[in-house]
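Next up: a single chain in structure tokens, the form predicted alone.
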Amino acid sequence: MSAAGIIFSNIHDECISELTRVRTMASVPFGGKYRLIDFPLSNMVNSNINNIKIITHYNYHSLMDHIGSGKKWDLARRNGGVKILPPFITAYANRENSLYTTRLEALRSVSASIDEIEDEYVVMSDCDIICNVNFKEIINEHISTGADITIVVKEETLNQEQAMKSVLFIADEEKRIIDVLSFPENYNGRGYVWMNILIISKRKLMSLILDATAHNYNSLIQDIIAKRLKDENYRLFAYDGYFGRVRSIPEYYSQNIALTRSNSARELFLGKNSPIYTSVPETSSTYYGNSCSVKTSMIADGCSIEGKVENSILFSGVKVDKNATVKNSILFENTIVSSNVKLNCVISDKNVVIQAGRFLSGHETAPFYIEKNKMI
């Protein structure tokens, strides 16, 4: 049994448009030194999936810089390894010659590259999910059940607002899917939430892509899976580990801040002998001044802390001056917090300068965002 990986780097960019104006969803910073791409990429590598294709859309220069040759994930290989696929490398992929908006359109756009995959199975994943999952177990169950597609889900209790942002699957006692609820408006209670991960054979995937091209299908869920439930063997795999999603700026904020408050969230990066890998430049250790105060925070190397930091995530190169206070905030690389500044529930993008005496505050449900290279 061998498997290849396909990662969608741009699906759901519009959910956090503030952060994806200058980068893909895949390269959005997370947890002090990581990028969102690190989760699906590391999950695949830890599952011995070493032939990985990343489908891009636009704004993927920072993604290319982050991944480089793939050496940090042991993917700098002559055969296989990690490859970034620009959009529309086949002439017939998109009849309107417009950028793709769905997974199925993305797959159609790179069908020639997918056809070259020699592995028997394919694992597909988005970049807006935060989890540490071993695909070996899922692939083995996919094979043993004879499934045409295995959908990876998380069983959760949902309120109406959460359900409206989710794709839910209904299954029988044998975990065979019997119904699909896409963003239901009147749903409350327990449900199997799609984690935007699925397993399929390479042969079956190519068949679906060719069928979608012939019939101009656009949605993998609505045009393929939902319409073939009676004819195909689609099954669920219920994941029971830590799972987070990034479907909005408040969710992005809460998933980061959870790392300062939850042991289970912090253990996400270690897993069961399955660490999350990343690529970070070598830099000096963080400097902590004599008068600084740091509590329940994650602080990357290369920072300078002379003020107060509490319940916050600081990326490399952040500077917090004396008498400055940073609470419940996420500061990207090279943010400068000048003296007598007070920050609460703030997300600052890269290279932000906050001048002395400023007081900025958002709320956990509506964090205050400062765009890249901004001076306030």
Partner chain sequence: MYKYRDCIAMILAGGQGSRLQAITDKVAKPAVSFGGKYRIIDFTLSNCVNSGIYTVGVLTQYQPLLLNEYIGNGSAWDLDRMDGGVVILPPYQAKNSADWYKGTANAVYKNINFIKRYNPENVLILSGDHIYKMDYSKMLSYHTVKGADCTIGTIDVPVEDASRFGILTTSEDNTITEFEEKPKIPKSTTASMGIYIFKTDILFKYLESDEKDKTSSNDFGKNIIPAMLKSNLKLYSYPFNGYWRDVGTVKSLWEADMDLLGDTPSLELNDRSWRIYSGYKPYPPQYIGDNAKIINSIITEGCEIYGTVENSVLSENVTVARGAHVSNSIIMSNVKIEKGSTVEYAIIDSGSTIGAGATIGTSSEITVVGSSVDIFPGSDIPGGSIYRGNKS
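Computed from a predicted structure; not experimentally measured. Numbering follows the first chain given and starts at 1.
The following text describes the form predicted together with the partner chain, which does not appear among the structures shown.
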- Message: By the heavy atom within 4.5 Å rule, which residue out of 83, 215, 203, 295 makes contact with the partner chain in the predicted complex?
- Response: 295
- Though the partner chain is not shown, can you say which of 220, 198, 299, 75 has a heavy atom within 4.5 Å of it in the predicted complex? 299
- Is residue 322 close enough to touch the partner chain in the predicted complex, meaning at least one heavy atom pair within 4.5 Å? yes
- Message: Given that the partner chain is not shown alongside this chain, does residue 334 nevertheless sit within 4.5 Å of it in the predicted complex, heavy atom to heavy atom?
- Response: yes
- Task: Although the partner chain is absent from this view, report whether residue 277 comes within 4.5 Å of it in the predicted complex, heavy atoms only.
- Result: yes
- 4.5 angstroms heavy atom contact with the partner chain in the predicted complex for residue 189: no
- Query: For the chain seen here without its partner, which of 204-212, 128-136, 67-75, 105-113 has a heavy atom within 4.5 Å of the partner chain in the predicted complex?
  - Reply: 67-75
- Note on the structure: Residues in 25-56 that come within 4.5 Å of the partner chain in the predicted complex by at least one heavy atom, in order, are 31, 32, 33, 34
